[in-house]
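The chain below stands alone and is given in structure tokens; this is the form predicted alone.
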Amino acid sequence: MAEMKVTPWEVEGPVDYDRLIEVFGVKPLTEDLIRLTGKYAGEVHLLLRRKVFYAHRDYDVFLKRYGDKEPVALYTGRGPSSKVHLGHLVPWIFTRWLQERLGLELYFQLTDDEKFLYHRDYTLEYTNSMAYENLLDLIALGFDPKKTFVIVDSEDIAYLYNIALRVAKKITASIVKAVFGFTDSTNIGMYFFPSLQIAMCFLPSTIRNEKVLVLIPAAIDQDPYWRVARDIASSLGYPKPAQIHSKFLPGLGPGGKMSSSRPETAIYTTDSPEAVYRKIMNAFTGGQPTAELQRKLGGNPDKCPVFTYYSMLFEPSEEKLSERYRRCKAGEILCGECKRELAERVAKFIEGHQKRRERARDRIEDFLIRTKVSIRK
């Protein structure tokens, strides 16, 4: 069995989320914090209820500052190396809910520069074009244009560069090597890039001219950036960024997160209904090799990506999810039936998303930071 590997660029092998809490030094999300979120938001989001968001750094501090009406904001982003798939949407869906329920500004970074630097064969023109394609998916989810500020790194560098210079001066090459695993063969652009992603943590404070604590909802593989950001924040006069970490939506294959490197196991927001059905009907499951054995022995929903899709995104009812779990374990439902129902739900979601995505083409300017915020001299 492959060993677990979790970095900002690669996730391989079976992911032990409890182990990642220890390795990264984060804290598990507690029921008290979930209840407090529900108090402020008026409800508890499914992704919190089901512990898809399961770990944090200073989420309690963020909630206290919010409750005390002190300055807070949201920050997350996307490395536009490919089309968007359902796994990418998980933290965005939760971020949009936080924006709507708590009335917060969102600062969103599209790191076309990073993907150009990291991938040997990618051109900057390609990653920049993918940034705008990915932005359509963000807009389609329903973010508030008045409270959403999108930066495309290669085009909006003036918003980040002065902050990034101050950040870079605090970080040595030995730190970058230790945290990110860079070597003497890594291009120097990658050595500088963390300064830009860290600078986004502090941009709201610069724009609003007050100390703004940002909360970063993101998958846990991005944690290394924020560890460095927190180490240097105070010395630069900024609040330490807080984080709330999600698990990965699995791919439809036998193991690992949904990944663009395995396109047949990933559901893209641009997939046709036929592609959605084909991929889900061919998915790996926790079922038995034959229908007879399934009815006799039952399935294993705990190791089934199809069931995970229901629990993470496509079955809001706790009662119905529990009943599906019971029926699977008891052999009362076969994998084909479970797959077909999921395919219908996913195809319906994708169809609606694609319509909103197409309408988003006329709204891009409404979300770009350069159309709304002048650079502070």
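Since the structure is predicted, the reported quantities are computational estimates derived from the model, not experimental observations. Numbers for residues come from their place in the sequence shown, where the first is 1.
Missing here is the form predicted together with a small molecule; even so, the following discussion is about that form.
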As a check of understanding, the residue in 207, 304, 249, 130 with any heavy atom within 4.5 Å of the small molecule in the predicted bound form should be identified as 249
If we test each of 137, 105, 271, 221 for a heavy atom within 4.5 Å of the small molecule in the predicted bound form, the one that passes is 221
Taking the shortest heavy atom distance, is residue 92 within 4.5 Å of the small molecule in the predicted bound form? yes
Residue 194 versus the small molecule, in the predicted bound form: is there a non-hydrogen atom within 4.5 Å? no
Any chance residue 230 has a heavy atom within 4.5 Å of the small molecule in the predicted bound form? no
I'd like to know whether residue 87 contacts the small molecule in the predicted bound form, with contact meaning heavy atoms within 4.5 angstroms. yes
To test your reading of this chain, name the stretch in 283 to 291, 70 to 78, 296 to 304, 138 to 146 whose heavy atoms come within 4.5 Å of the small molecule in the predicted bound form. 70 to 78
